[in-house]
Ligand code: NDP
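One chain comes next, on its own, written as structure tokens: the form predicted alone.
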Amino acid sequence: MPGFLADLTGSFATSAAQNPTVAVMEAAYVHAGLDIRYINCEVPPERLGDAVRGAIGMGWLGFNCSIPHKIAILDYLDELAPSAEIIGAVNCVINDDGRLTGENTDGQGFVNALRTILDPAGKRFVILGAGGAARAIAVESALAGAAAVEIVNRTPSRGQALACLVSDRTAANAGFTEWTGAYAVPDGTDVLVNATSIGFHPSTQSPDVDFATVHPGIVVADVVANPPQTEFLQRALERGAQPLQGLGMLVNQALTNARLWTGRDLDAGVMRRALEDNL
């Protein structure tokens, strides 16, 4: 009997045929010879509890949660992984014979992608944005040994809250800068991350950054995966920065999800090709 996994998305979600995660996960399971199916399920917020009980009843291995379920799902879990507890949101749930454990692999995917070019330990991060992606990346980078994390956001209350969370719950020093006008990247910054949705297809915009302050050698990362080479990354590359595409974060997130569900390390190359084919 095959195992089942799903992405429990909100009522506004794309169809399974339009969801690249489905193609990525299914391609990897086929390549590994695993009898597992990954499907997309539209679940309106008021039916989330029914969906969770159904997943347990049908013996699913687990599921992903997309917006708007990443916080609401906490009410249905038995346990939280340490980083998920700090972040306060879950995107991956593991079902162990009816006992549900919540993980947040968004930030883990980013850190694992970053490690292919730079060890985050002791580095100074600047993160643009204070939403869900920024929250996960800030916490996981701090837990990975980042020396300092600066949150840059247009809404002071959200940015200050995230900086306080990082300072209070990790060993990293964290600060907040209000984002007004073109942001000047401070000297000594090792990693600059766009954790906003600015630049997502079909937009060709770039976050408001003073690229004259982006120095050669800095790692500049973008959570936007479509297009892979955003305007933000291209302008940073022209300044001599080392770009880190959002594709790497998505692939590493999928790898982590699969490992949590199956105990297996799947093929990253197969996943990346499937993702590129579906963007």
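These numbers were taken from a predicted model, which means no experiment stands behind them. Residue numbers run from 1 along the displayed sequence.
The same protein also exists as the form predicted together with this ligand; that form is not shown, yet it is the one meant from here on.
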Decide if the three candidate residues R154, F200 and V223 all line this ligand in the predicted bound form, where lining means a heavy atom within 4.5 Å.
yes
Answer yes if any heavy atom of P120 is within 4.5 Å of a heavy atom of this ligand in the predicted bound form; otherwise answer no.
no
Hey, in the predicted bound form, is A236 touching this ligand, heavy atoms inside 4.5 Å?
no
Taking any heavy atom pair closer than or equal to 4.5 Å as contact, tell me whether E140 reaches this ligand in the predicted bound form.
no
Does the 4.5 Å heavy atom contact test between G131 and this ligand in the predicted bound form come out positive?
yes
I need the one stretch from 34-42, 250-258, 236-244, 58-66 whose residues put non-hydrogen atoms within 4.5 angstroms of this ligand in the predicted bound form.
250-258
Only one of T170, T196, N95, T189 gets a heavy atom within 4.5 Å of this ligand in the predicted bound form. Which one?
T196
